[in-house]
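Before any questions on binding or motion, here is one chain by itself as structure tokens, the form predicted alone.
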């Protein structure tokens, strides 16, 4: 597919010192399909200006607000204005800029979760469905090649019908009240007005939930949740366990914590079927382990010739050259860009390109948060998992 020009990106959020904004930018720019053309980097105009200078953008393309960015960009000739809006703000600032970006005719890449709450998620779901623009929700971990390999092996029936899913996302970084120590990340992630009604389950539990459904291809139908506040003085959960039932009869256990003292970011999934099992963990992300009842374990490695089309389409380097977190983002952005180019050309994208999370994943994630919170306070053991739209 020939591309006449790079897709111009407008970034909302990602001001000075931002963690996720810089990661998004690195991922988006990795393949030369996007270029950063404009930004409203902070609600503080001075900080937005500072970040624009750091990124060497022309001052007239650095905006004090996203409303100003949308209006000013639309006034530019079509070949100069931004094509895609990338939103990397805290959760309470997802809904409004996304809706407005779609209304102004821009494609949108949004950091997860979809919105601050379920009510917003339903409105945004319909806005995306009605819009002619493409929408990416960056559930990063679905971008890892070996996660895609696991998904394809399960899809192809290599481990048989799925029986059991264990998914865990243990972190230790909120082991004390960091939010009282001028830690900006801790402050907004433990604030229900900015993060949403769920803490740990909203922040990383949703990643684990998405991973369980993405890899197995099965949807959750019922949950049973038990949430905790391990650190006194914190208003929302920082730890929890969720039992899950899937549509094919499989059972699952999801564990997420931000108070497992000393742990880093080892998201892990194990899936067991009638014929075998698969195991992956983020801190060894280039390896997928397959377990069999009648032969030795097999180790699948990223970049090798024996992998499936989905893993190969998202691998950048030969085996032994480690790829990681930023490349997982880049895979999502590259697939998204290729679909935008195909749309512009009136062509059908390859199925491998269409393999990125979207608004359906987003609304299921927000439903997960609501159902988990309801289940946690309910005396009823099992809560039906129903996605209202």
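Numbering follows the first chain given and starts at 1. Remember, it's a predicted structure, so these values are computed and weren't measured experimentally.
This protein has a second form, the form predicted in complex with a further copy of the same chain, left out of what is shown; the following refers to that one.
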{"query": "Listed residue that, although a further copy of the same chain is not shown, lies within 4.5 Å of it in the predicted bound form (heavy atoms), from 124, 225, 108, 212", "finding": "225"}
{"query": "Heavy atom within 4.5 Å of a further copy of the same chain in the predicted bound form - the one residue of 152, 312, 91, 282 that qualifies", "finding": "282"}
{"query": "Stretch from 128 to 136, 97 to 105, 268 to 276, 73 to 81 whose residues place a heavy atom within 4.5 Å of a further copy of the same chain in the predicted bound form", "finding": "268 to 276"}
{"query": "Partner proximity in the predicted bound form: residue 327 to a further copy of the same chain, non-hydrogen atom cutoff 4.5 Å", "finding": "yes"}
{"query": "Contact test in the predicted bound form: residue 156 vs a further copy of the same chain, heavy atoms, 4.5 Å", "finding": "no"}
{"query": "4.5 Å heavy atom contact, residue 322 and a further copy of the same chain in the predicted bound form", "finding": "yes"}
{"query": "Distance check, residue 179 to a further copy of the same chain in the predicted bound form, heavy atom within 4.5 Å", "finding": "no"}
{"query": "All of 206, 247 and 338 within 4.5 Å of a further copy of the same chain in the predicted bound form, heavy atom check", "finding": "no"}
{"query": "Residues in 351 to 388 close to a further copy of the same chain in the predicted bound form, defined by a heavy atom within 4.5 Å, in order", "finding": "375, 376, 378, 379, 380, 381, 382"}
